[in-house]
Structure formats: C-alpha cells, structure tokens
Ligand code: ADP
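Here you get one chain, nothing else, as structure tokens; it is the form predicted on its own.
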C-alpha cells in the first residue's frame, strides 16, 4: 500500500466551502480509502501570512473541526480510523528537518518558486518579503520527506513544490551517499472540479465573498445560495432561461439528484420554473448532501475532548514515523557521535523511569468487543477494544503460543495502556497494549512464563487508573 501525505493551511478564516470540497477534499477522501494516509493541518505554514495570535488560533481550530467533520461525514469509522490526522506544529521534527535540508538546497531553486515570483510580480519589494514565504518550499519539502510519502495530491499550481521536494531529496541522498529520503511523486487527478464562485466570474474565495459555505447556519447558506448568479437576461419566471454559465445549475451538477436536475433544466429552459424555486432546490440538496458532515461538525464542536483525542492519536502515529526518519537523517549527516546524548525516544533497555514519565502513562479499563486470530500469524490475537468515549481501537497481543484463544478475551474487560505510539503489526497498527503479570511460581520453584491478564470486570469502561 502506497503512502499518501496531504496538508491544508489555515488561511482565510479557516472554514471550508463547497469549492474546497470539490477541488480537494472529495478526491482526498477517495484516495484515503486505498492508501496509507497522513493528513495534517499545516499551521506553521499559516505564519507566512497570519501574524495575529488570536486569528491564527481561531483559524486552526475552525479548520480542524471542518476537516474532521467532512472526513467523519463521508467515511466509515474504519476508513476514518486509518487516517493519521495531526497538526504540523505538534511534530517538532518538521522544523528540524527543514533546518537541515536548508544546507543542501541551492538558492536558485527557491528563487524559481512560484510563491516567491508571484509576490515580486505584485509590486512587492524583495526586501519586504519575509523569509518564511521565501523558504515555504523548504518547509513543504520537510513535511513530505519526514513521512517518506510515495504520493502527494496537489493541483497543477502546486506541482512545482513536489518537484522541488524531489530535487532536495536527491541532493541530500547524493551528498551523503545514502538513500535516506524517498523521492515522492505528485498526484494530480485527471478531473479536478474547479468551480467559480457565486458571482460566476472568479474562483470561489472567502475573501471575495462569493462562496457557499458547508458548516454555516442554514440561514447563512440559504442567503449565499439565493445570491448566486443565474441568467441576467431572464426578467420573469416565464421567460426561457439559459443553463450555460448559470452557477445554480453548475452546483446542482455536483449536489443534486441527476433525474430531478435534468427535469429542472427542461422546465427552466421552457420558462416553467423560477430562479427562486431552483435555488431553493439547490439549498435543500446541499443540506441533504452535507447533512452527515454537518451533524459530525456539531458533535465535534460540542465535544472538544473527542477532538483532542483524535489529534493526540494522530500526533503519536506521526511522531513514530517522523522519529525514525530523523534518526536516519542525523546519522547520515554526522551529528550522531560517541558523545551524543540526545535521543528521540528513551532506550527500552533501561530499568528506571522518572515519576513524571510514569505519570504520563495512560492506563484505562477496556472492554474487548471482538477477538480473532490474526490471519498469517501463529502468535497474534487481534482485539477490538472499547476504551470509552465512543472510541474503539485495534490492539494485538502475541499470546497464542501460550495457549490463549480469542474466547479468552471476547466480551471481557482488562487494563490497557492507551497512549503508546502505534506499532505496525503485519498489515495493521496496534494502538495500545494489554497489561499482564507473570504467572505464579510453580511448586518446584520454577517460573511458568505464561502471562496472566488482569481482569477489570465490574469497572467502568474507559476509567483511567490513577
């Protein structure tokens, strides 16, 4: 399975509209169903244009809710759980990787970047362009290379950034004579819907005020729809109307029922239906189409604990991959030496941890909903565990060799460590660990190595051990 990485910057006000959905999110959701998928909120990229603390905070929180709501609204639970959704700033290796690859990147490569050249063409003095914007392709390269992505979904205007990333990865691997970074490929869908805004003239943009929102109130969305460009030559509802260039019918092509839309077109061209009636049908179609996503949005907005849990899980999974990449980078460039004491993760060979470290271990009561032997393994049992807060996760335990079967776990409650970084087990990730203790000593004085699992029957599912 190929690995996919994508990110959205919290620009504008952070909210998404139907143009964002048609141009990017829709394709991403389909790709995520067949790829190992990393999706990040690229909040550090927002610093190039947003330098107001409260605006940036608002944009990030809005974008997180919008993205999660769309994913949960259009994907099954298992499909959604396969996505590693995280915030860029929660993984510090992004900026470390950027700092290192700065030193292998030719200045001329960045000067050819579109974002930089566009600024110069807009009569902005070179001395007034911040270094963050100039080095934007460097941070984007670090984002991609950290996760060893095979594919990066982009529009045609972003293809250059992936090409720059490939160049940088190639320079690094050649200079240090080691294939540390994978060279990614841009993925540009053959058919990407680029729709105009409600004014019928310019690309849909919050700044231009020509959008149809997804998560605003029904009154706001209806007002936006009612303001959409139709046929300016049509003075009365009985006048024959034109379909071409009519934004209401353009949107209905994506969100309306095909049979009903076809009938409306004929009525409209014959002067048998008014603009208001067609717009009202569009409004109802949008409410129906985005209904599951709008419900998910309200659920997430009213449950910040759930949002944090999703982000925390994504951060742990992203950190696991980024850590391994940066270990390879550090080793390749020579900063790892006999005298190094910095480690991304503490060695598992140590016998002591601090009180603070122990306090960060999260142990919860979990109810095993399902258990089954993992196909292709003679050791693993795959557990589907409810750990509370409407959250289920897959946890593997390698105990079949001790005589355990799925029946020993199904429908029972045990203690689980729930905040470990996910670990790849064959074709899936184990998202935690079941706790066990050593067996009692035998009468002969030996030790039976068969682990004994600690029952948590009668305790509240999800309860945290203090």
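No experiment lies behind these values; they were computed from the predicted model shown. We call the rigid core whatever largest set of C-alpha positions still superposes within 1.5 Å between the two forms. Positions refer to the first chain, counted from 1.
Only in words, not in the display: the form predicted together with the named molecule, which the text now covers.
- A single residue from the set 234, 392, 206, 309 has any heavy atom within 4.5 angstroms of the named molecule in the predicted bound form; that residue is 206.
- Shown without its partner, this chain lists 363, 261, 316, 195 as candidates; in the predicted bound form, only 195 has a non-hydrogen atom within 4.5 angstroms of the named molecule.
- Contact with the named molecule in the predicted bound form, defined as any heavy atom within 4.5 Å, is confined among 154-162, 103-111, 264-272, 278-286 to 154-162.
- Residue contact with the named molecule in the predicted bound form: residue 451 places no heavy atom within 4.5 Å of it.
- Contacts with the named molecule in the predicted bound form, taken as any heavy atom within 4.5 Å, map within 2-35 to 8, 9, 11, 17, 19, 20, 23, 24.
- Residue 77 is not among the residues whose C-alpha shifts by 2 Å or more between this form and the one not shown once the rigid core is aligned; its shift stays under 2 Å.
- Core-superposed comparison between this form and the one not shown: the C-alpha position of residue 157 differs by no less than 2 Å.
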